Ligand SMILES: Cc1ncc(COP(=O)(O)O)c(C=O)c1O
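Next up: a single chain in structure tokens, the form predicted on its own.
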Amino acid sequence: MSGKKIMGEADLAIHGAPPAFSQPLHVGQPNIINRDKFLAGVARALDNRWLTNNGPLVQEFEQRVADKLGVKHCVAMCNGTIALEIAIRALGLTGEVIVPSWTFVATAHALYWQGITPIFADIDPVTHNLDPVAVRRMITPRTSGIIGVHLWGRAAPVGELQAIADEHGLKLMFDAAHAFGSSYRGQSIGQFGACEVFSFHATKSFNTMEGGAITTNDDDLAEAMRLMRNFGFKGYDNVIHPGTNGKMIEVCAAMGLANLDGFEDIVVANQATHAAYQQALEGIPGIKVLSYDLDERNSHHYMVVEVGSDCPVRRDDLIATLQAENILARRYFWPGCHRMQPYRDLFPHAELVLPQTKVVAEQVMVLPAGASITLQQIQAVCDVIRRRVSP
């Protein structure tokens, strides 16, 4: 026995009282910045009768994102997963590609879906990002590339991964799904590797309801990706490249343009939320709040807590207690891509080379956050945690 408290039925609601929240408090509440500007954009699209196929709102959105990130090209997509798939294909990745297991499964699926084998490398337990030493260990003659993930919006070790890629002749790209508005050594995420892929899903700090984008400084790569997102068409009746349907629609671009104007306000609100959680959780045994580098930009969108081995309550029991109070905390990425299908069957012994991934996967808990959460709600969430851990 570990000595940790085992949750019983009576523990599901604190002291048998009604749930702390009458309505569920979610992780990933959508940010909606300027409803009127969004609706004006929708009206513009309707008046234009141009709803999709690289309309003027999409073109404006791409230019504004490229300008914000300081990159030559932004290629907007219908979602982040299609953006990953198109980036992978445009780069010509084949064989094996090294990725973290500690990421959303779309990173691995975008490879496997195209007949490429994701090879899982371990992470740094402090940053939760790829460990360059582990990446080196996983390189084989079949390796064609590396996909780094800027997890929680905290930059992956860009310089070290680029050095490895250059040394071994590998392509390097980044999954920046969490990292819109983040920086690496003062430069905006979006400028690194051959390209970077963003998700603008509704749950992200910056959203277009549904959508994604690829950013790059490579003119030829950008041109190939623009062709690939529209079935390979260059002009009318002229297909010059294999392709699919990856286009962003005008309504999603309208949401993106409205949200861009208020993004920095979201960041300020998220920073306040993170600080409030840190203060309210301070001193609870075994509870550690994941910090952000104050020298770098970050949206502070994710409220990540590690429930360590020194915590009297197991992580999963603590989540069950929170959920019984309508606080829908989540494990996130658990149990790691390598333990999901089809990778669990393909790599049954993967945990032997992923010890840090296993530890982190068993400790991480993500709490409700976002710009709409109040200080009173944050305090109530933390009170539930404190009473459960230190009754």
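We number the residues from 1 along the sequence you see. A quick note: this is a predicted structure, and the numbers were derived from the prediction, not measured.
The form predicted in complex with the named molecule exists for this protein as well; it is not shown, and the discussion that follows is about that form.
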Exercise. Taking 4.5 Å between heavy atoms as the contact cutoff, choose which of 89, 171, 73, 201 touches the named molecule in the predicted complex.
Key: 201
Practice problem: Only one of 273, 216, 103, 259 comes within 4.5 Å of the named molecule in the predicted complex by heavy atoms, so just point that one out. | Solution: 103
Quiz item: 266, 298 and 370: each with a heavy atom within 4.5 Å of the named molecule in the predicted complex?
Solution: no
Quiz item: Wondering, does residue 252 line up within 4.5 Å of the named molecule in the predicted complex on heavy atoms?
Solution: no
Quiz item: Hey, in the predicted complex, does residue 205 get a heavy atom within 4.5 angstroms of the named molecule?
Solution: no
Quiz item: Does the named molecule get within 4.5 angstroms of any non-hydrogen atom of residue 79 in the predicted complex?
Solution: yes
Quiz item: Given that the partner is absent here, does residue 122 sit within 4.5 Å of the named molecule in the predicted complex, heavy atoms only?
Solution: no
Practice problem: Spot the stretch among 276 to 284, 310 to 318, 175 to 183, 161 to 169 with residues whose non-hydrogen atoms come within 4.5 Å of the named molecule in the predicted complex. | Solution: 175 to 183
Quiz item: What residues, if any, in 107 to 122 have a non-hydrogen atom within 4.5 angstroms of the named molecule in the predicted complex?
Solution: 107
